[in-house]
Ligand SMILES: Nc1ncnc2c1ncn2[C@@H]1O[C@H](COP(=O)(O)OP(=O)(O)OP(=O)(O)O)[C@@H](O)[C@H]1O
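Take a look at this single chain, the form predicted alone, given in structure tokens.
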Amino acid sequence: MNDQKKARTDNQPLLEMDAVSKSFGGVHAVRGVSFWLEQGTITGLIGPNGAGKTTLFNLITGVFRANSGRMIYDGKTTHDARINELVRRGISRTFQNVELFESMTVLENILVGQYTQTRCGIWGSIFRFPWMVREEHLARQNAMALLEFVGLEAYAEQKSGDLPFGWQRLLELARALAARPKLLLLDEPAAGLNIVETAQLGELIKKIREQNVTILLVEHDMSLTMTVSDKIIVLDQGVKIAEGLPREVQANEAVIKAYLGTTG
């Protein structure tokens, strides 16, 4: 990471990946990947299917353990951290395939996403302590504010499974924000969206960044990725082959050859 350290600003990186590798049997899904994410920025992570993007997401969120290398989040290593611990520390994500509680209402899905922010346990649920009632009221207020943020406040009592697909994407994003993340990982959030919905999503992602949330974005829509990202990281067969500003990556010969075809 020497080159990256030289390029840093005075701001402390929120996430550092230092020569991280992950193998499954004889398959090297991620090989010696290093990068850092500065607080309040959007980083696009691109590459073809099988490049290692989802594996990298799963390493950051604690689903997988790295075989080697270091991951440092908010100044502390995360090697032995459990998924729920990382969520409490401020790491949240969406999924490539929408994962909602379809039988629950839109509002209830957001309330579930706030579980790390509440103190209520079994005894609080049974005895209905005054502090618990206040906590529930505040949780509902916060949930409605998030629904207003993504434009779904009018559908709070509708079953989430009845929403159009594009709105389900927005609901999943709002639920991820309910955990009050410092680091938000978005896994192909524009998949299945039309041009208008994708443009609206791009504006929403930029609004999230304005709240000092750091975003790591995996997205095959290159127009969206290049428009919203402060920098781009490119993976190919588990190896980082390029990193830089969007215009730099677009002009990188290795990237052009690997993803856009040869220019000759």
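Quick note: we count residues from 1 along the sequence shown, nothing fancier. Note that the coordinates shown come from a computational prediction; the quantities given were computed from them, not determined experimentally.
Same protein, other form: the form predicted together with the named molecule, not shown, and the subject of what follows.
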query: Listed range touching the named molecule, judged in the model of the complex by heavy atoms within 4.5 Å, from 65-73, 43-51, 225-233, 198-206; finding: 43-51
query: Contact at Glu16, Thr61 and Arg93 by the named molecule in the model of the complex, all three, heavy atom at most 4.5 Å; finding: no
query: The named molecule: the contacting residue among Val33, Ala29, Leu37, Leu217 in the model of the complex [heavy atom, 4.5 Å]; finding: Ala29
query: Position in contact with the named molecule when the complex is considered in the model of the complex, options Glu153, Glu136, Glu188, Glu108, heavy atoms within 4.5 Å; finding: Glu188
